[in-house]
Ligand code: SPV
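There is one chain below, alone, in structure tokens, taken in the form predicted on its own.
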């Protein structure tokens, strides 16, 4: 086997591979060579030389094009390859085994046969890239070594920005040590070097072998195996080993007298996740994925990644000054699916005039142009992205890469609704927060999304799309985790309350909400019992709005934002009761917490009526 591999690579690549002395690695690499039939194989390590090789290969392969600012490049995905495709993303399930019926799955033998047929000979005329990365800090209790095989230099280049190097971790891996594996094939490409057979796109996950396969796609969410694809594998590993893998940002909130407090947050799409992680004046640790473990008797978290693959739409100099600065300064940045005119990138919502022609995800583009599906096109795609290193952000937390993780003070579950939940509230307990904030998380659709406004989409812990186990088992794992130690406070947020069609929250109000959470974590402000959780006192918010935003926060604003809407809260409980009645393994604690909340709300309604002003809750 090693002799066959040696014939496909130069001496340096073979030396790097053979130095690992890992039969499972050798077997996985050899299988890819035999199946996909590359002209040659490149094996990288953690060096700048390896990173530079993949970066330059992406340019010479025309997978990326250089832009005017030094180090900036642009990559285009195919018109029909602009996002994750749930319908073709499936678990490979062995005969006799069944996953939760809500999960997309296929018989393992059938799926493997299909994937191998689609990947057979897919690397002909190309070079196969073998790269090693780490999810979480390498050589720490959090770290998971990962092996990526791909024929796309764009994929490897992206991973060099987004993840820590893992080659040295593989060298230290004991015999039989666990690692994740990813094999991606771009498939047939068009003249723009984009995957041209989107109907044959497949993304299959073999949770029994810690392996993900993808084909006929370049979009990073399908090809960069360490993104959400690895989250599904990590959830299973965490389940076996007694820790948690979560779809959460991590941030540091700066408190009084130089104190810092770590908050983690789960927010479905369009609920304020990135804007919360990047609040001016605070520090970002990570914007997407977190692992939780008990380390030295503390509830600790790490950022799984070391970079950001962010949606670029609406990033502008006023609301996003840190990202804006990175996107306009020399250094490594990969733009994807934006508009390019004369070497300059443009995107929706950037706050500048956008040319009416250029090159974008459609190819040569002009305003008013229809796409190949007959639909209207936009200058940049709504899911256009930027990829940058976390170290390039001026607001990064100094200790963000601590191999022991960071002690977590609070967990936030952020939903979106126009008429039910208050902007911020604190759970009575860990169990109350997990059950009535995390497990009942909802995101309200807009008319532009599905043609009907106000439909709530349930998204348990903002992890619904990535679960690799039953919903009930996942909730149970959260309830049981770290029971023997002091657990973080839990908070719920909702930035989207409306009255007469107008938002009651300003865009920067979240700056105040996180400051209040930080004070609550340290017991420095009191709170009011609103039957669905604890809410801020007016005096504290008035002071915080003045200190943080220079705003005179009025009693009228407080009443509008923090009135307890009992009919709507009960309606939500009704929706959740109906949902969880169909989840066979729902923990008893879930029903107990929801029933207790219903009882508290009904008792409050009997005393105060349907709509209870926060001032009527005091005393």
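A quick note: this is a predicted structure, and the numbers were derived from the prediction, not measured. Numbering follows the first chain given and starts at 1.
From this point on, the text means the form predicted in complex with the ligand, which you will not see here.
Trainee: Residue 538 versus the ligand, in the predicted complex: is there a non-hydrogen atom within 4.5 Å?
Mentor: No, residue 538 stays farther than 4.5 Å from the ligand in the predicted complex.
Trainee: I'd like to check something about residue 219: if you look in the predicted complex, is any of its heavy atoms closer than or equal to 4.5 Å to a heavy atom of the ligand?
Mentor: Looking in the predicted complex, residue contacts with the ligand include residue 219, since a heavy atom lies within 4.5 Å.
Trainee: Under a 4.5 Å heavy atom criterion, is residue 90 part of the interface with the ligand in the predicted complex?
Mentor: Result no; residue 90 lies far from the ligand in the predicted complex.
Trainee: Even though the partner isn't displayed, in the predicted complex is residue 288 close enough to the ligand, meaning a heavy atom within 4.5 Å?
Mentor: Yes - in the predicted complex, heavy atoms of residue 288 and the ligand come within 4.5 Å of each other.
Trainee: In the predicted complex, which of the listed residues (164, 131, 385, 425) lies with a heavy atom within 4.5 Å of the ligand?
Mentor: Result of the distance check: 385.
Trainee: May I ask you to choose, among 207, 247, 476, 510, the residue with a heavy atom within 4.5 Å of the ligand in the predicted complex?
Mentor: By the 4.5 Å criterion, the partner-contacting residue is 247.
Trainee: Counting only non-hydrogen atoms, which stretch in 478-486, 119-127, 221-229, 361-369 is within 4.5 Å of the ligand in the predicted complex?
Mentor: Selected range: 221-229.
Trainee: Given a 4.5 Å distance limit between heavy atoms, list every residue of 29-64 close to the ligand in the predicted complex, or none if there are none.
Mentor: Stretch hits: zero.
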